[in-house]
Each structure stands twice: as C-alpha cells, then as structure tokens.
Ligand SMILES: Cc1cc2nc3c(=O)[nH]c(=O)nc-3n(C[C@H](O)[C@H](O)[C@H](O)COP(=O)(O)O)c2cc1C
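The chain below stands alone, shown as structure tokens; this is the form predicted alone.
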Amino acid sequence: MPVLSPELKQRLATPLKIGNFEVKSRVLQSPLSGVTDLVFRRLVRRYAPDSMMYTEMVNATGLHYVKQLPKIMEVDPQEHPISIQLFDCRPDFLAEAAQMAVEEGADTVDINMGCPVNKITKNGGGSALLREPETAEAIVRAVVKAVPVPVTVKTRIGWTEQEINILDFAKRMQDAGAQMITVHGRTRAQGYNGPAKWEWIRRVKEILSIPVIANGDIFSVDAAVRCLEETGADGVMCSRGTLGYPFLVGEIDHFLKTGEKLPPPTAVERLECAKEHLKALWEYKGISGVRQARKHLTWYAKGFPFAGELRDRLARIETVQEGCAIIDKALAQLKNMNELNETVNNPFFQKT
C-alpha cells in the first residue's frame, strides 16, 4: 500500500489553483476523443465529485464555419468543474471557439498541443505545435485575451526523442499567459508506447510557477502517488486507465485526501456499470450511442474467467436490448460463480 510522504501531504492539502479558479481535487479526468462525452463524465463524476472533467477535443475550424455547438461540446449545468478542450493552429479561430466554450459554461479553456494522431497533426494542430512554438504562443495569447476564464495547455515532451523541447516550450506557454500546463511524459513519436518519462515532468515543474499536472502511465493509486513523489507535480491526470474503469479518478482522489485505499469494484459491479453506460449512451445518442458503446463494453469486460468470450459478443451488439441481455446473462454467471465459491469456502460445508 502506498504511503504519502509528509511533503506530499502538505503539498496536496490545499485546493488546486488555476489562475483565479480553485478545484478541490488534485486528480483530473483527461479529455479523450470518442470517450469523455457527457455520459462518461457523469460516471466518473459519481466517484470523483470534486475533480476537473474535460470534454472531448473540439475543432475550432469546424466551429468557425458551422457556428453551431457540436454535441461533444455540450456541458451539463450541474457538472462543474468542467473544461472544454479545443484544438487548431489558428489563433483567431481558437479565440472565437474559446468564447463559445465559455458561453457554454466552461470553467477553463484547454488548448490541445499534444494529440499525436496524424489527421490532427497534418493540419498543424495537436502535438505539431511543439514544432511551431511561436504559433503556440500566439494561440495562447489570443485565447487569454478573448476569455475571462483561465486558459490551460495540454502537451507532450517533444516531437521525437531527438526533439525534446518541453522545457523551452512550457516556459513559452507560461509567459504567453497559460495558467496551468499538463505534460504527457511521452514524445509524439512514442504515441502511447514505452514508459512515460516522468523525469521531464519534474524538470518542467522546477522551472515554472504555474501548476504542472503529470500525465502518462497513471493506471492505479500506487502509480499516481509514485508519480507525484517523483515529479513534484501539482496533480495527476488520468487517461487510458479510466477506459472501462470510471472509478479510477475517484479512487486516487480518495486516497490523496484520506490515506485510505478503497476496495476495487467487483466484476459484478463493473458489469453493472457497463450496462448503465450502455443504456445512458442509447438514451443520449440513439443507435450511434449503441455503436459507440461497443468499445466501452469490451473495456469493462476484463478480469474474470469468460471475459474474452464476453468481449467478442459485446463488440458486435446491434441494439441496446441485445447488449443488456448479454450483460444480464454474464452477471447471472458471475453471481452463480460467487455463490459457489462462498459455499466451497464456508467451513460449514467443508468435510471434516
């Protein structure tokens, strides 16, 4: 079980200050394309009521020409604290989009400068901005000037191993007016492969005065504590660790606040959450929500004997009714297995 050092306890005892905005948690839910919609954020929020949530990243160019908020930008008035993440390489379009984000209810506006996906970088957005620091500075200055809420940046440590420029880049973002920076400890070339280089996050923290959030390889309470100790960061952001596991942000937050490690959810509890997730996506998005739910359901189905077979079936569901029926059958199997194990392990039923 991890132990919080006295220094870490003291550092985490106060709210996270992002400019003039305070967050009562040092654990943040990362923006994830195709994942962190309103439905997913509600599930994470149930277990982490104080944590900052992020929308999926929104294309500022699309907003400029369509002039209509996409569904991924929709914010529930009850779900604060919430940040809307934007991406693009045009300072004027991003400033305009940021104003729309604030009107929608964003407590902060985050600029994506770390996405490694080709369709984003080839148009100059995401981690491509690591190679264009002057443009990145201009973006931050334009957005800061356009909105009254704090502006933050999420980025990586560099484009390649030979082009790690995060120290200069992060300083430029702070000087341009960014009120917080989240650093994913991998290069763009790494994608999500290999270990995150937390040492670079520590070096960023040493030179900045604004909050620095650590991102990359935060899959457990133990990993979060170890990352905070090693980097000196002001908080951690959970990404892939929450796929099929919306409990993670709350587990880490609870431990940082109390020193108590919550028991992990059982396989039954995870599948019950999966069923709720499926039904909510159906209610929110209709048939497209069911198709989107397929990947979520396969992420939930792990860690029990017939999980592989269950994933295969859930990946092909066509209706919400079919998905619920498959999950209900799996739940019945799990409950029967649990009852059998309890009987076998009960001394009353054991032979003497």
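Remember, predicted model here, so these are calculated numbers, not experimental data. All residue numbers refer to positions in the sequence shown, first residue = 1.
The form predicted together with the named molecule exists for this protein as well; it is not shown, and the discussion that follows is about that form.
So which stretch, 286 to 294, 310 to 318, 323 to 331, 31 to 39, is the one near the named molecule in the predicted bound form (non-hydrogen atoms, 4.5 Å)?
Answer to the contact question: 31 to 39.
Does Thr121 make contact with the named molecule in the predicted bound form, using a 4.5 Å heavy atom cut-off?
Contact with the named molecule, no.
Partner contact for Leu228 in the predicted bound form: the named molecule, 4.5 angstroms, heavy atom:
Heavy-atom contact with the named molecule at 4.5 Å: absent for Leu228.
Can you tell me if Ile218 lies within 4.5 angstroms of the named molecule in the predicted bound form, counting non-hydrogen atoms only?
Ile218 belongs to the contact set for the named molecule.
Just checking whether Arg240 would be counted as a contact of the named molecule in the predicted bound form - the rule being heavy atoms within 4.5 angstroms.
So Arg240 counts as contacting the named molecule.
Single option in Ala301, Leu63, Met53, Met57 placed near the named molecule in the predicted bound form, where near means a heavy atom within 4.5 Å:
Looking at the other structure, the residue within range turns out to be Met57.
Sequence-ordered residues of 1 to 27 touching the named molecule in the predicted bound form, heavy atom within 4.5 Å:
If the 4.5 Å heavy-atom criterion is applied to the named molecule in the predicted bound form, 1 to 27 yields nothing.
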